[in-house]
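Single chain ahead, by itself, as structure tokens, in the form predicted alone.
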Amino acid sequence: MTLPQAPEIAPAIAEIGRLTGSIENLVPLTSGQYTTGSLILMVSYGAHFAFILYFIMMSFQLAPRYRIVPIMSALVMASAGLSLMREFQIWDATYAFNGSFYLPMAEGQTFTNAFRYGNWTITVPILLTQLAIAFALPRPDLHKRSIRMIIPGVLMIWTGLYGQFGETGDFSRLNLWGVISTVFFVWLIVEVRGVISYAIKTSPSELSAWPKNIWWYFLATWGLYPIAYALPQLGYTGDIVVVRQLLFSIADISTKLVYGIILSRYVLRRSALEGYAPAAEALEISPLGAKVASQRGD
């Protein structure tokens, strides 16, 4: 639904909203849209905080070489949760109800998605390094592969951040830097594929399907971000504002929380296959039965 421009927003204020580079500062929201956006952000940061303890406890079940994998997920949960909680607070302060709409820029407060980009700058290097550790790359190759993934990952984020400030203009800045960011994304995909290829060759036969499935999962979930980035070009409406927050949040939960669970379950099975008793017990079988359990998919 396209909302009319609220008369309470003066032209000068609207111009300031455009200069902030975020469509959230231009679009009045209905009560339903505002509440939905609030719930999306609240559930997002709540979900991340809720799984911190899960990943810490999971680490005790793993062979020593793999314990860092869920610990890294716990750090990601804390960082992402704090960032999304900040987004929620800004969202809450940005809008004020006038009896008909929730109007943006209440008392001069502006909204920005930049905190998400700041968080990605912290968490993306962790997530990529985590992948290499989970797949047990040898140490020299681990460092090299991690750096080769982190460089395009960070450049992708920073160029996307610069471009997203152009979403309230003629979109030339948004599109130009979106293309540049996509180039770095493709570079990142190539590097991740190299790590996946190594994992396919070296994973135990019982777990050989896991790297392949993680690869397709990576493409599907990380591919949500470019869609959310380009969404403002469909129009300055309340629905677009809410849907973009939804896409960003689904992507964050998928690429951080669910991704962490998948990697933790993979290294749990790998630990059991390597004869680590606590991992086998976590799968509710004896160490000698670990291989059977993995074949079963327990």
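Worth saying up front: this structure is predicted, and the values here are computed from it rather than measured. Start at 1 and count along the sequence shown; that's the residue number.
This protein has a second form, the form predicted together with a small molecule, left out of what is shown; the following refers to that one.
* **Partner proximity in the predicted bound form: G178 to the small molecule, non-hydrogen atom cutoff 4.5 Å** => It does: once the small molecule is placed as it appears in the predicted bound form, G178 has a heavy atom within 4.5 Å of it.
* Asked: Quick one: does F55 come within 4.5 Å of the small molecule in the predicted bound form, counting heavy atoms only?
  -> Contact with the small molecule, no.
* Asked: Does at least one non-hydrogen atom of T182 fall within 4.5 angstroms of the small molecule in the predicted bound form?
  -> T182: yes, in contact with the small molecule in the predicted bound form.
* To do: May I ask you to state whether T255 is within 4.5 Å of the small molecule in the predicted bound form, using heavy atom distances?
  => Yes, T255 lies within 4.5 Å of the small molecule in the predicted bound form.
* **in the predicted bound form, the one of Y217, F171, Y117, W187 near the small molecule [non-hydrogen atom within 4.5 angstroms]** => The residue from Y217, F171, Y117, W187 that makes the contact is Y117.
* Contact assignment for the small molecule in the predicted bound form, among Y45, Y66, F51, Y229, heavy atom within 4.5 Å -> Contact residue from the list: Y229.
* Determine which one of 67-75, 100-108, 86-94, 155-163 lies within 4.5 Å of the small molecule in the predicted bound form, judging by heavy atom distances; exactly one does. => In short, 155-163.
* Asked: Would you say all of V124, L127 and W222 touch the small molecule in the predicted bound form, counting a heavy atom within 4.5 Å as a touch?
  -> Judged in the predicted bound form, V124, L127 and W222 all sit within 4.5 Å of the small molecule.
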